[in-house]
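Starting off, we have a lone chain in the form predicted alone, written out as structure tokens.
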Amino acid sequence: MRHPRSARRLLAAAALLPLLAVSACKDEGGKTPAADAATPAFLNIDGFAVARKATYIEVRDGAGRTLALVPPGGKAPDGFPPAMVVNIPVKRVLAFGAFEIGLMRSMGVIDSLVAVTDPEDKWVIPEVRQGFAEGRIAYVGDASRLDYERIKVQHPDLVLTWDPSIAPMMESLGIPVVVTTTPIANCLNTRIRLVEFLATFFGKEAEAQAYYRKVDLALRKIREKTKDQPKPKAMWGDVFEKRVLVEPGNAWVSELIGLAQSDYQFKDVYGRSCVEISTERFIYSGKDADIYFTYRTPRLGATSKASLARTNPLIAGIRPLGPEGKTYAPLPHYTQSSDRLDEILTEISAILHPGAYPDYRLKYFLELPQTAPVPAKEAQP
């Protein structure tokens, strides 16, 4: 399921968006990259795969498409059309998602970014804003209304996208496409380890493993810190004009909440990120929930519990919008901070268990007051 453009703008939080031995979603063989300092000859991450051949690297993206990556001095195999062959390391990238751009930043290759599908005023990542100012990065249209002429001007070597439907047109232009999402929501392991898959295109495997180890350590600390804490009930989603969308039980959000010794109210719901459910189910799950994470930022109306209740009168009675519960909204830079995923996961744990993090100060989410509006604050990632 892919959401209408208006809903996608409201659902930026779902981009996070991306466990190790404690995860139910593991790579083939149950091994982690941190277990071996050498670059593995074969990598399988919940549908994403990398196989190193004699003269090239074969990869499978989230849509099951196979591409050949050719390093300097390598040779592309027979049978691959030109648009399925990528010369690596790539130097010029069009990226649809902020999550992937954050991972590029974590690997030190964000200077490869030359085109995006959000306008300049939506970005807070310093390198992206600088790229716009210097004319190196261009806005090439909304994801549903791409400007293909502008894309050709930017000469990307590669397109990173969540939308497989754009592949035929891009490939007709001779631009290889890699789909970075899967038909179902990413589990926590996949969310974290997508960086390893992307690292193959940039020759940054060591940087990817360092990122993985950093997030791995954060998750281990979360599990230890929360092991003796009470179990709050949490929900993540929102009610829009015509649809009710939530993070399903197979998504990284649910796994993290479970890892942090908490109960997720939609753990029995299965599907891709931002799956649609009935209003009745949302209200039912909200009656005894303790904590509610909305998709809406303060800019999109999440300034207080009362403002959310006015926007969605049907959910006004859920417990987190009353005085006994708590409601949190993502700040504008949240979806553009995947290079700091360890901090984001720790913050979610601190929200679930404030007693385990007595001195923690929120950086990526805002706790909504009952009535008084709260101004949106942006921080540089």
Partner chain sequence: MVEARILIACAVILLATALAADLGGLSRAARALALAGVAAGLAYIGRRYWLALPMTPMFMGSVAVPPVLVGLGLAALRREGVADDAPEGRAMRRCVLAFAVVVGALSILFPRDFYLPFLKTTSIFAQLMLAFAVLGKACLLIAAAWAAAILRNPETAAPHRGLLHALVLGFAFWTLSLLSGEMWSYRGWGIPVVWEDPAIIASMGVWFFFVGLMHLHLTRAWTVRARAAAMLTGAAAVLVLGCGPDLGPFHPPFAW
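Residue numbers count along the first chain shown, from 1. Note that the structure is a prediction, hence the values are computed from the model and not measured.
Omitted from view is the form predicted in complex with the partner chain, to which the following refers.
- Glu280, heavy atom within 4.5 angstroms of the partner chain in the predicted bound form: Yes - in the predicted bound form, heavy atoms of Glu280 and the partner chain come within 4.5 Å of each other.
- His155 within 4.5 Å of the partner chain in the predicted bound form, heavy atoms: His155: no, not in contact with the partner chain in the predicted bound form.
- Message: Is Arg310 near the partner chain? Define near as a heavy atom within 4.5 Å, in the predicted bound form.
- Response: No - in the predicted bound form, heavy atoms of Arg310 and the partner chain never come within 4.5 Å of each other.
- Query: Using 4.5 Å between non-hydrogen atoms, is Phe132 touching the partner chain in the predicted bound form?
  - Reply: Output for Phe132 is no: heavy atoms all beyond 4.5 Å of the partner chain.
- Candidate site Leu341, Arg361 and Glu367: all three near the partner chain in the predicted bound form by heavy atom within 4.5 Å: Checking in the predicted bound form: none of Leu341, Arg361 and Glu367 is within 4.5 Å of the partner chain.
- Query: Hey, of 100 to 108, 271 to 279, 133 to 141, 210 to 218, which bit sits against the partner chain in the predicted bound form at 4.5 Å between non-hydrogen atoms?
  - Reply: It is the stretch 271 to 279.
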